[in-house]
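Here you get one chain, nothing else, as structure tokens; it is the form predicted alone.
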């Protein structure tokens, strides 16, 4: 019964949402909206579960002095500080315009802008090196397809900067790098992009049907 009940709830909820999509009846729509609100509440509750799991995992790591436990200590300390200033108990400690708010000028807003945002920027800047490494491996001349990809990438990169316009200045319009870049981005690139989107949509539909029909059960904790 530990598996049958969640599977039955998943099947009924999924089938009802399918009915709500295909049957334009006001009672079905009202029930569907109610079910969606339940889903929103469940998602909000999952945030609390995530916080609890984060505390549990890092607390164990600190208690056992595992590798990197110092980072876990920093993580929990910063989270506690953010929670304290974001959820200031004004009823007990008195109202304070600088805490218990995310308004501009509050402590929470200052920490977000001066600590969280720079850290996010640092993480994204590191991605540039990984992208450059991946591009080097992908653009090497190993096959005709790789050669085509390399040529297209060079044309697009040069066509996006003023140097590309300068190199092909004086040539017919359809021979300039900006025009070729726009043609590549509009036709082959857009066709590939839409193909990927269609494939992803079909994958989502297939996974949804597998979950509704009980074929996919990994969300229950495996097949055991």
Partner chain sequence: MRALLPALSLSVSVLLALFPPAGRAADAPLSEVVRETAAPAAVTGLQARDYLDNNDRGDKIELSWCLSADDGAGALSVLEYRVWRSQAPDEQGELVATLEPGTAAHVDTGVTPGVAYYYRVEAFDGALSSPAATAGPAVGRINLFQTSRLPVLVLSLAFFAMVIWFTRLAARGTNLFVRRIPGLNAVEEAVGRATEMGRPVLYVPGIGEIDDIQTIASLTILSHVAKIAAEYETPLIVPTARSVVMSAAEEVVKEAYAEAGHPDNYNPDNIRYLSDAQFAFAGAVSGIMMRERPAANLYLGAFWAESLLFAETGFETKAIQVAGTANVSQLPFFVTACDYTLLGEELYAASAYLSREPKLLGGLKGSDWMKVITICIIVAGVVLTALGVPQFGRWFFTQ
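The structure displayed is predicted, hence computed values, not measured ones. Residue numbers count along the first chain shown, from 1. Think of the rigid core as the biggest set of C-alphas that the two forms share within 1.5 Å after superposition.
Quick note: we don't show the form predicted in complex with its partner chain, though the next part is all about it.
S.K.: How about residue 63 - does it come within 4.5 Å of its partner chain in the predicted complex, if we only consider non-hydrogen atoms?
M.R.: Because no heavy atom of residue 63 falls inside 4.5 Å of its partner chain in the predicted complex, the answer is no.
S.K.: Within a 4.5 Å heavy atom cut-off, is residue 198 in contact with its partner chain in the predicted complex?
M.R.: Heavy-atom contact with its partner chain at 4.5 Å: present for residue 198.
S.K.: Is residue 29 part of the interface with its partner chain in the predicted complex - any heavy atom within 4.5 Å?
M.R.: Contact with its partner chain, yes.
S.K.: Along 11 to 32, which positions have a non-hydrogen atom within 4.5 Å of its partner chain in the predicted complex?
M.R.: If the 4.5 Å heavy-atom criterion is applied to its partner chain in the predicted complex, 11 to 32 yields 21, 22, 23, 24, 25, 26, 29.
S.K.: Is residue 29 displaced by at least 2 Å at its C-alpha between the shown form and the other one when the rigid core is overlaid?
M.R.: After core superposition, the displacement of the residue 29 C-alpha between the shown form and the other one stays below 2 Å, so no.
S.K.: Is the C-alpha displacement of residue 49 equal to or greater than 2 Å between the shown form and the other one once the rigid core has been superposed?
M.R.: Superposed on the core, residue 49 moves its C-alpha 2 Å or more between the shown form and the other one.
S.K.: Once the core is aligned, does residue 198 move its Cα by at least 2 Å between the shown form and the other one?
M.R.: Yes; that C-alpha moves by at least 2 Å between the shown form and the other one.
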